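Encoded as structure tokens, the following chain is the form predicted alone, with no partner shown.
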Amino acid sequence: MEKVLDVRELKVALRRDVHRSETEILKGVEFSIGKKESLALVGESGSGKTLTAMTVMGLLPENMSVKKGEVLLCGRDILKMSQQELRDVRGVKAGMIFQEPSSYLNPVFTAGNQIFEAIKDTSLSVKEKKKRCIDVLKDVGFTEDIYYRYPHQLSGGQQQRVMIAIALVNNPSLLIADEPTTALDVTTAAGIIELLKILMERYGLSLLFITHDISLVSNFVDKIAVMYAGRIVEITDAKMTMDMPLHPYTEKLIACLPERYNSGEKIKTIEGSVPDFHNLPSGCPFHPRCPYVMEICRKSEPPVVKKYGILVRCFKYGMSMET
């Protein structure tokens, strides 16, 4: 399958102080997304999901830097691009939807103005650009009048649809959605998910969907990559993840889902919390919270192995790659 996004051995570090001491945040992240394929990056807050997405978009803050790796977007390594090349690629090859649309929409411009300004095809006339804006607004479920409304005149769900329109207006190959339903009620969130399904088909999109809610994406995406403490700990087919989680962390995430309990039953939680990147435990970073911890887990980081066709980073499954 043709790869739209291929992230290889990605390591990103945070510069902690003026003496330039650094803390590694992303620790060899690897995954790929094929043409018209969708992958969800799942994990608790602080696991490195959004940082991964920002690296893919070339939007790292100044106090962070890539120490190793490649991020191939449509075959080109964005880590080797100049700032001008990155600006040319953003929106055209990859569009991004953020979790708080009100923070990204300018309150003094109409929705239509903001979509219009995002168009990068300089060969289009003003009339053609406006038509494209209206067409994409219709694709996200709006009528033409939304073009003339300001963000404060729109609900949270409507603002998010405008953000989706901005991300789509240049017809990108890849759409990155960073927790796009977090600030929305359940019904509105479900509508956004259904809309993304339709748009993926209509636009031929590949999708990187970032979420902390594994149940939200289990019937929506093709693959799920579970992330913990800056590492991918499991990658598999989405439905297989729910039916047969291999990594103890994935197992715990699924066990926490409210829909798995009857009324009145106490919902299980994952004991402890995501570790501080500045003070990670030795060995496997999940071992202080793991019910299957072994002595080797406390001393060494587990390698990635293949079990039942699933890539998993855990000593439970041995040291060798199974075909």
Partner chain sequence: MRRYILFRLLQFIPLLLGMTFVSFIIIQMAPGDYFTQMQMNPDVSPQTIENMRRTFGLDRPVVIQYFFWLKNIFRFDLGVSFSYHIPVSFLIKQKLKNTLALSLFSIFLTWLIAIPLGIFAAIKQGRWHEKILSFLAYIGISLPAFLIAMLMVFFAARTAILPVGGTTSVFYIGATGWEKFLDYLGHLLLPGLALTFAGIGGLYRLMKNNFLEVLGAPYIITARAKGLSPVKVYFKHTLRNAINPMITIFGYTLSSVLSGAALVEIITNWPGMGRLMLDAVLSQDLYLVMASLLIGGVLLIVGNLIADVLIAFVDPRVRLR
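Residue numbers count along the first chain shown, from 1. Please read these numbers as outputs of a predicted model, since none were measured by experiment.
Below: the form predicted in complex with the partner chain, not depicted.
Note that among 137-145, 108-116, 176-184, 227-235, the stretch whose heavy atoms approach the partner chain to within 4.5 Å in the predicted complex is 108-116.
Mapping the unseen interface onto this chain, residue 157 falls outside it, with no heavy atom inside 4.5 Å of the partner chain in the predicted complex. Of the heavy atoms in residue 220, none are within 4.5 Å of the partner chain in the predicted complex. When the partner chain is considered in the predicted complex, residue 131 lies well away from it, no heavy atom lying within 4.5 Å. Among heavy atoms of residue 203, none comes within 4.5 Å of the partner chain in the predicted complex. For the residues 239, 197, 87, 212, the 4.5 Å heavy atom test against the partner chain in the predicted complex is passed only by 87. Checking 280, 59, 257, 293 for any heavy atom within 4.5 Å of the partner chain in the predicted complex turns up a single hit: 59. Within 4.5 Å of the partner chain in the predicted complex, a heavy atom is found for every one of 54, 98 and 152. Taking the partner chain as positioned in the predicted complex, the residues of 156-180 that bring a heavy atom within 4.5 Å of it are, in sequence order, 163, 166.
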